[in-house]
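Take a look at this single chain in structure tokens; it is the form predicted on its own.
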Amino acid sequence: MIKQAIIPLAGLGTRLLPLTSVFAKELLPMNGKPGIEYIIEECIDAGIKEIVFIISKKKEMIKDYFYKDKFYQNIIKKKKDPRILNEYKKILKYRKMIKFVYQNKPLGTGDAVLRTRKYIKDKFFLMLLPDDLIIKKNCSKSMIKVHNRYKSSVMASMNVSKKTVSRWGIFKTKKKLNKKNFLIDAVIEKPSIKEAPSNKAVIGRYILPKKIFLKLKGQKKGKGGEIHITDTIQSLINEKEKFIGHSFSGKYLDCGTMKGYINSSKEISKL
């Protein structure tokens, strides 16, 4: 069973400037609730018991969000507002699940994952990227079902326009398992339109094997001088580690750009 999740949160969110000059992008509100809470709720609904947040010193406000005890206690004493009390209880519930590790230099998603190695106990764990929000159906839960059936790693997939493949990591498929799932032959990071083997893009949900940490320790820097998790995944695929692409049923929202953030807020308000 998948019981642990990790969420990389150390990025500075430059695509959401000027908002992120003073505020962590994951705490920006969407329909009256910080974006990160939608990700936490997805984890809880999928059966996750422990979440590891990867933050930086510049993103300490994320940790502070879960530790404002005196602030809540003082207001609750004065106002006796049941809504505020419920919000505080929810924060306390989340806090019991969350651990924090630090990535103070932007060395890529692979480096962020490596920093969680001392906390991961089981053979597989879930990773969620907070810029990718999936609503209407729990993607993590459906991926865990696929993992339980095939006992393998799983990555979320979505068909994108061929004109936009250079924005994404793109799958080269090996064979179709059923309508929603396929074996992955390769993951190609941001290929040109001519080089792209398909239009199936990697979306920010992964079930990864614990053995990935051994690979990450020796992983060389890739594009942009960063350690890319896709490069490490490809190394495992080359060694016959099975990875399944899962075409999820929910609706994808990109929260990482200003246009995407505004659109995501509108879509969530309709739920």
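The first residue of the sequence shown is number 1, and the count goes up from there. This structure is a prediction, so every number in the text was calculated from the model and none was measured.
Omitted here: the form predicted together with a small molecule. The next part is about that form.
- In the predicted bound form, the small molecule sits within 4.5 Å of a heavy atom of Thr109.
- Although the partner is absent here, Leu129 is a contact residue: one of its heavy atoms lies within 4.5 angstroms of the small molecule in the predicted bound form.
- Contact check for Leu253: no non-hydrogen atom falls within 4.5 Å of the small molecule in the predicted bound form.
- Within this chain, Glu26 lines the site of the small molecule in the predicted bound form, having a heavy atom no more than 4.5 Å away.
- This chain lacks the partner; the member of Gln103, Ser142, Thr116, Ser157 within 4.5 angstroms of the small molecule in the predicted bound form by a non-hydrogen atom is Gln103.
- The candidate stretches are 80 to 88, 158 to 166, 129 to 137, 180 to 188, and the one lying within 4.5 Å of the small molecule in the predicted bound form by heavy atoms is 129 to 137.
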